[in-house]
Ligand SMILES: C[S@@+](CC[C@H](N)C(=O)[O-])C[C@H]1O[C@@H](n2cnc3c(N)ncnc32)[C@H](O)[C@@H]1O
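Below, in structure tokens: the form predicted alone, a single chain.
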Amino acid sequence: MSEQDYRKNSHDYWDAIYQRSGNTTESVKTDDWLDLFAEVIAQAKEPVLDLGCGGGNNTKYLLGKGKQVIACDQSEKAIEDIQNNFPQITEAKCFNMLDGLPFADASFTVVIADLCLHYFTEKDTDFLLGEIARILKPGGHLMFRVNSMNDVNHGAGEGIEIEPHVYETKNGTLKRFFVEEDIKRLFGRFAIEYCQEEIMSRYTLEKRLFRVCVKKM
């Protein structure tokens, strides 16, 4: 399957998810994963960038903490819902991250990328992390969560392995599952300040993931 196929399948899959979701302001669930980094987030003077915002879980959390937010996603429906449910956001942008991030160099102190950096090949992951490093100010932070290889309830080891720990799913999309060594290698351009495998209980079945905070050196 070609890169263009994976891109189209990813867009169509997630747009369909949000078409069915019926998200409202009240139905969007938040969890406390960002509490650990509350001091860093509080110091941000610029809007916080919420990459892969989806239904708005982290946007809702950040707004509740009094932060300005720029919410971004590849799904037109997700962005439409974000604008309707959270009209107080600073901005909402719809784009595919593989086309580059449409922001100037050193624009942000804090970037959030929750459960959106584990859908790419190694080459594309490296490109995306370069883009995030580009738009972060020196000393700025990226906070993210990614699938763990122990996440058996959500597809770890399932499908066709096209690269180590990267699988083509039955939906024709890509899904990466990380071990700690992958994070150290792929995020080597950053200083890793926190990296811990954890369990998230927001879904029906528990999800195993890594919660990570890195700093631009």
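Computed from a prediction, not measured in an experiment: that's the story for all the values here. Residues carry their position along the shown sequence, with the first being 1.
Below, we turn to the form predicted in complex with the ligand, even though it does not appear here.
No residue in the set D126, M143 and F187 has a non-hydrogen atom no more than 4.5 Å from the ligand in the predicted complex.
From the list 56 to 64, 36 to 44, 153 to 161, 188 to 196, the contact stretch for the ligand in the predicted complex under a 4.5 Å heavy atom rule is 56 to 64. When contacts are judged by a 4.5 Å heavy atom cut-off, T121 does not count as touching the ligand in the predicted complex. The ligand in the predicted complex is approached by M97, whose closest heavy atom lies within 4.5 angstroms of it. The closest heavy atom approach of S10 to the ligand in the predicted complex falls within 4.5 Å. In the predicted complex, the ligand sits within 4.5 Å of a heavy atom of D114.
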